[in-house]
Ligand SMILES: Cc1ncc(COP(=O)(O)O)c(C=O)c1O
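Only one chain comes next, encoded as structure tokens, the form predicted on its own.
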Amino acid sequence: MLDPITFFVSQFRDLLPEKPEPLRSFLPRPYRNAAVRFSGSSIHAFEERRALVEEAGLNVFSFPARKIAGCDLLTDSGTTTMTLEQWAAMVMGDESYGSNEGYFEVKEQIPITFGPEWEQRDELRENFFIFHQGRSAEHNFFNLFAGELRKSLPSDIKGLSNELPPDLKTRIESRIKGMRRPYFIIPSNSHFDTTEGNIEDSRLIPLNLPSPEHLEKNRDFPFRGNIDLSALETLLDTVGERVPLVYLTITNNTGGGQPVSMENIRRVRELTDKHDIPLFFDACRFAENAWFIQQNEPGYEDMPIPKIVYEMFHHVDGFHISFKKDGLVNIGGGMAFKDDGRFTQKYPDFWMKMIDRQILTEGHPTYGGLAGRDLKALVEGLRLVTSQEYLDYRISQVKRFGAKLESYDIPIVRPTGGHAVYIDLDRFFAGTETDDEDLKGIAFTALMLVAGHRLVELGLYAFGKLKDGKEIPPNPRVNFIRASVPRLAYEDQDLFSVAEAVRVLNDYKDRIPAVEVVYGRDLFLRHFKSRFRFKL
């Protein structure tokens, strides 16, 4: 009998007919290819990929990208295929060290894209800060913010209130354990992995409060990315002095790429107003979130995307963003504070500390770790990303990919998100003899690499932790495989080939082997660094 990996290789080979049937489609793309790049690797090279997967310790981050013959759906961050307008703008890049041309164009574009409230009104007070990517922006922000908070720490601050619901109190206390001076909580609908890591690194407590509809796996609720308003209100009413900032991630990446409704944003604003707490966006996929509001929220069906974006950002005091997503560029990030917002009022000198951080970590504030040509490309990206034509096709392509998976009875998070399709592993392996300790999500992505496609596990291993020698799943529980669709990069035919490979795993899920961790189980942000092997 064939070992499981050899068996799946044989099944993947059977997917490659000598004469593939042409796709039938009546929906043309709103763009055409101006340049192409051949992958340099044959889809038929299964044995080579199998060896490389084992050499990489089954870790998708360590697998060489040039050997991916199919779709690289590891992330949609920085993987956008840029437009000719962007490439043309890059040719005109000004590489001056101080005050380059692109800097001023970006500064002009920010209030055009996000609303006139984000224009810098005080010529002496900077309100927008460039970083080389969003992760750097949030790292510098949370480290500085934690320092500001501890300088003003009340000497008589109390312990956690007994009025907190037991589950919420337990979750917070589990975060506190082992931390030094854990006084402050940053709640969100769901922090993504590195955002959560940056908050923890700053010795603050990240707390995810996803909506009840998401936890109940409600297939019909269009705004599963919402925050749990009841839980947030309880948190603020009982331990509000420990909550210096509330975050909303738009769209909610951890929760399946799901959008946040305008009503939810508005209600959160009301709660933070009541408690005099600033509200921020993790705004990486702001345009996609606006599209979902337009399509699914009553009263917005006839409102243009730019106007919806203005309303969304009217409700917040600041935001950080990775422009590698809805900036449509390959590198870049930023941090913004509203001139008359609550955060600026509370911390009037914070902007200068951000400039100091830029100088120390990124270079001069007018380029923020980016080449001048990157800033030029960003301006064009921010102009395109809120266009109806682009968003209609972008998100409909992700929907078609999700529908193809569902046609093969693959359980996905419904409705499909804006940037990715999330396969629900708990439902995928339901009825099989699978234990959390088997880490079959890691096996799933390793086998998909053998098939020629790269996806990523965002579940028990990525968000779980090792405590006292035992695996503790994330709470609230998430257990997904994410297939992120790079912007303007693939055609439907490419994505459907991924669905065919997933169908093989679904048909023979009982033969997917467990894996064991060879290295890194107890590391911080372990999923980026660990090594695994199949249990054959």
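Residue positions are given as counts along the sequence shown, with the first one as 1. The structure displayed is predicted, hence computed values, not measured ones.
Keep in mind the form predicted in complex with this ligand is missing from the figure; the text below concerns it.
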Find the only residue in N143, T194, T234, S387 having a heavy atom within 4.5 Å of this ligand in the model of the complex. T194
Contacting member of E138, D374, E288, E457, with respect to this ligand in the model of the complex [4.5 Å, heavy atom]: E138
Taking this ligand as it sits in the model of the complex, is Q133 in contact with it (heavy atom to heavy atom, 4.5 Å or less)? yes
For C284, is any heavy atom within 4.5 Å of this ligand in the model of the complex, or not? yes
Although the partner isn't part of this model, could you tell me whether H214 comes within 4.5 Å of this ligand in the model of the complex, counting any heavy atom of the residue? no
Can H453 be called a contact residue for this ligand in the model of the complex at 4.5 Å between heavy atoms? no
With the partner removed from view, which of 238 to 246, 405 to 413, 265 to 273, 186 to 194 is the stretch that lies within 4.5 Å of this ligand in the model of the complex, judged by heavy atom distances? 186 to 194
Does any residue in 55 to 77 get within 4.5 Å of this ligand in the model of the complex, counting heavy atoms only, and if so which ones? S77
